[in-house]
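The form predicted on its own is given below as one chain in C-alpha cells.
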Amino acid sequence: MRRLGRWFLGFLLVIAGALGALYGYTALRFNRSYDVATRPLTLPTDSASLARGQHVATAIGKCVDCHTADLGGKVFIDDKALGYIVTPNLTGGPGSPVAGWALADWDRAIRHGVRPNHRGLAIMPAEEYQYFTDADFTALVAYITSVPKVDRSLPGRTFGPMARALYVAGKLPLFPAEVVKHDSVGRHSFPEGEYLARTGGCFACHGVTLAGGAIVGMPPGTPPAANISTTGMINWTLADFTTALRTGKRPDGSTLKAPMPWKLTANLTDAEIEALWNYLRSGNYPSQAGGPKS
C-alpha cells in the first residue's frame, strides 16, 4: 500500500513539474516584446471614409463578429481547459482598454497584433488585417472611434493548460504578431478579389490552398471548412455563390454551417462578390508559389 502511495505521489509530482514547466515556458512566450514601427497616417473625417470604415468593419474585416454589433466586446472563450478570453470594448467607453489610443496604437493592434505596451494581442486576426491598405485601415479606425461609447467592463484573459499545450505544439496560434510581416504592413497591393480573400479571412478558415478541412484553432466538433478552390464548388455559378454569401443557402438548399459568417458577407457589394468569385476561380493563390506571400 505504501509503495502505491509513493508511486501516486511521484506521479503527482511529475504532473506538477510538467505543468510548472509548461506555464513557465508559455509565460515567457506570451510576454514577448515586439518593437513595431508605424508610419505617420491621418485619420479621415469625411462621411465617405466613415461609410467605408463601417463596410470594412461589418462586411470585409467582420470586426463585429467578435466584438459584437456595438463593438462593446464579449466573452469569447470560457473554458477551464482552454481559458477565459474576451474581445475588448473598442468604443472608448467605461471599461474600454482603447480609451486615449493614438492612431499608431490602433495600427499596432489591428495590422500588427501588438498592444501599446509592445506585447502580443491574443486571437486578433492581424495575420489577415496586415494586408489592409492605409486607406481602409484609417477609415476603419475613423468608424470605430465614431460609434457610441459603450459601458462594458470585461475581465482580463487567462490561458488554461490545454490552450498552452496546444500553443506549444503549434496547434493553436494564439499570437498573430509572431507571423505578421511587420516591415511590409501597409505596403501591399492586390487585385480586389485577392484583397477581399486575404483581409476577409478566407485563407484563415479554408487554408492556404482554399481546399478546406479542419479549421486551425477551432474547438473539436467545429464543422470543417468547405473546399472553395478551383476543385470545389464545381457546379456553382456566380449567382449560386452570391446567394450563398447573402442567404447562407447552397444551390441544393442546404444551409452553410457556422462559423461561416454569411450574415456578414451578405453586406458585400455585388461587385465585391463578383471580384471574390473570379479570384477563387482563378486558382492564383499564394500557396501556388510555395506558401503565403506577404
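Predicted model, so just to flag it, every value in this text is computed and none were measured. One-based numbering along the sequence shown.
What comes next is about the form predicted in complex with heme C, which is not displayed.
K.L.:
Tell me, which of L82, V98, L172, V147 has a heavy atom within 4.5 angstroms of heme C in the model of the complex?
P.N.:
Of the listed residues, the single hit is V98.
K.L.:
Here the chain is shown alone; which of A177, V185, A139, I110 has a heavy atom within 4.5 Å of heme C in the model of the complex?
P.N.:
Selected option: I110.
K.L.:
Can T209 be called a contact residue for heme C in the model of the complex at 4.5 Å between heavy atoms?
P.N.:
No, no contact at 4.5 Å.
K.L.:
May I ask you to state whether P191 is within 4.5 Å of heme C in the model of the complex, using heavy atom distances?
P.N.:
Judged by the heavy-atom cut-off of 4.5 Å, P191 is well away from heme C in the model of the complex.
K.L.:
Would you classify M218 as touching heme C in the model of the complex, given a 4.5 Å non-hydrogen atom cut-off?
P.N.:
Flag for M218 set to yes.
K.L.:
C66: heavy atom within 4.5 Å of heme C in the model of the complex?
P.N.:
So C66 counts as contacting heme C.
K.L.:
Just to make sure I understand: among 47-63, which residues lie within 4.5 Å of heme C in the model of the complex, judging by heavy atoms?
P.N.:
Result: G61, K62, C63.
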